[in-house]
Every structure is written in C-alpha cells, then in structure tokens.
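Just one chain is shown here, as structure tokens, and it is the form predicted alone.
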C-alpha cells in the first residue's frame, strides 16, 4: 500500500491572464510564454522544486490553459512523473451542483484543500508562475521549521526608489514581520515580497476557510491572509533571498530578463550543473549558420537557419533569419521567420510570426523611460508585410492590428 504522506507540498499559481504582456498572452497562459530560447517561464519554479527535493506540485491553471497543460504533460522533463507525488494540473472544477473560477490567490488554494489534504503535509509552499529565479526552497523550509513559524515569506532587497512597486515586509531584528505594506508610497524598508510563501498547513487551512466566509474579502494572500495572520499575532518571518529574481509580468521586464542571460554579471546563470533548469525540449537538428551570417553575444538554439546578422539577441528553436537581415537586442520566439533584409531591434517577436523582407521593427534604445524599456512586440503568428515600418513600443497581434 502506497503512503501519500509528504512533508511539504508546493502549490504553483499559474492561472493569471497576464494582461500586461499583451499579445504574448492572448492565446496562452503567462507561465507558458517562451523564455531564454529553449525554456518557458514555468520551468523555473518547477525546476526549483525538484532541485529542492519537493516532488509533489499542484499547478493551478485557469486562463488559456491548453498550451500550459500540454507543455507540463506528465512532468517527465522535471522528473515529476511519479507514482507517489509528481505534478498535477488543477483547473477550477464543479463540485456537486456548484463550481466557480478561482476568485483570488487564496481562493485558488481554498478550492484545492482536499488535494493538499490527500498528501497530509505539515507545510505548504505557495509559488507564482511568472518569476525568473533559482532558489533552494529546502533552505527556506529549514528556516521556517527552526523558527517554529506559522508563515515564512521570501523577501529580496530592492532599491529604495523601486520599493513602492512591491509588497513590503517590515521586520524586527530577528526577522519577524510586524507590518505588511502593499505598494506603499513611502516604504519603511526595502524588503520586497517575492510571492514565495511557506505556511504551516493546519494553520493556513483555518485562515483559508475563515477568509472564504468573510464577506467582501478579495480572497488574496497579500491583501487578506497575511494581514489577518499579522493582526491575530501569528508568527510570521521574512526569509532573505540573495540572488537573481525578476517578476516578468511586463513586456519590459520580460525583455530585460532575456537580455540578462547575455550579461555575465547579471546573476542569471543557466549552465550551473548543480542547479539545472529543466524544460520540455523538442528534437530539432543542429542550427545552421550560412556563409554571410554574423553572430555576437547571442544565444542560438537548435533547428535555426541563420543567414543574417545577430547582435545581443536570443534566437529560439526553428527560427529562420534571412540573408541580410539584422537582429539586435531582441528575442525571437520559436518558429518565427525574419525575411531577407528585415531589421528587428529591441523587440520581441512571437512564435510563428513572419517579418517580411525589408521591414523595420522597433529601434535601438539607450535607456529605459521611467524604469520601462519601450519594447516593440509582434504577437504569435502575426505577419508583418514587406517594407513595413513598425515603430518603437508598438504591439501587433496575430491579425496584424
């Protein structure tokens, strides 16, 4: 007889619409958006889990789930195809005569209490599906247990002028949290919440049930659960994370994270044998570079045909770059075609898109505007007609709009 007992179960929130990514999430969930040539965003939390020894993961989907569900499959690329544990896709479902969409992050976990209880965990790890980082959750769990905490919240130190963009954890000298501020205008500290939480399960379950029965609640961890626990005097601690972390919820941050892969001092390193990022890779032939191809400071993945000039860019599988084309400071997603003489600068080109011969997409930028890069985006399967000029910061969808 199999025993389902697990010390810690991870719940990965992957159901958001990702509206700020515009056309890139028109037909796919944000965690399934391609990243770094051969990865999807969700590869990072999934890989972090298995590298941390956490082998039971619920992936909560809702918006445009098909591509994400197909990508995860049985979890084999992440060693999550297991008889006891593994990865489970958890969409909203009807129970008896009733069913509803996930109303918020806390409600999503509430609707899956029975799933978590099946494994009888002592602890539950809550993750977001739209962050790029490498983190050992086992160390965070050890800190949680050592402190006998009810909730441990991962925080990262951010620049003072950026702190108002985040949920801020104000702490005592021992790391205990005495106040949580959601995007404060005048932050008291720079301890930004990473959206990574560990809860003692019995404690969290009670708060989820009470929150669900609370009229007017947003059913959200940041807005409701954590403030409620603080007000009740529960033991909440911050866990300081030192390393690369980026929320890729905007076009600018997604582009920036891709470019960080090409910067040696960014802290985002993917060739670490001790902490691999796993992905579901397709079997493609080696990439081909023609006689006139010129490539510098770029990542080129398998199945590509390169006949143009590529500078500081990331080229995903099965991309074709035509003769005389120029790609600079850009990310080209799988299967895209950049035809002869086209120029793509500081842009993201969606999967399967075609940029016609002689077209000009985007332009070089020297600095971000109010912290945001003005990146041009061409959506999946969009067609840019030959000799068309697509200006900086434009966004073109699959219908060419």
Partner chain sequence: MNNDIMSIVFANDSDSKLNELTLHRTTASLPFCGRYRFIDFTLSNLVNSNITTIGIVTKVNYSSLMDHIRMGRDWDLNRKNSGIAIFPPYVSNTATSNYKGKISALHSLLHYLIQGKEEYVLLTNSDVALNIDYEEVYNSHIKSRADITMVTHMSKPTGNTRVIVEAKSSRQVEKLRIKNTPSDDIAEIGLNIYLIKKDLLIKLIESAHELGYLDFERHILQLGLGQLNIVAYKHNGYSAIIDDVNTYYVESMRMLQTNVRNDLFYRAGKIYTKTKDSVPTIYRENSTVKNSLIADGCDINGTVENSILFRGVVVEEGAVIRNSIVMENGIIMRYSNLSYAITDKDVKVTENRKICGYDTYPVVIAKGKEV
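Since the model is a prediction, treat every value here as computed from it, not as a measurement. Numbering follows the first chain given and starts at 1.
Note that the form predicted together with the partner chain isn't included here; everything after this is about it.
The stretch in contact with the partner chain in the predicted complex, judged by heavy atoms within 4.5 Å, is 289-297, chosen from 154-162, 289-297, 195-203, 324-332. The single contact residue among 114, 83, 232, 283, judged by any heavy atom lying within 4.5 Å of the partner chain in the predicted complex, is 283. Just one of 139, 183, 276, 188 comes within 4.5 Å of the partner chain in the predicted complex, counting any heavy atom, and that one is 276. The shortest heavy atom separation between residue 34 and the partner chain in the predicted complex exceeds 4.5 Å. The closest heavy atom approach of residue 38 to the partner chain in the predicted complex falls within 4.5 Å. Contact check for residue 301: a heavy atom falls within 4.5 Å of the partner chain in the predicted complex.
Taking the partner from elsewhere, residue 76 is found to have a heavy atom lying within 4.5 Å of the partner chain in the predicted complex.
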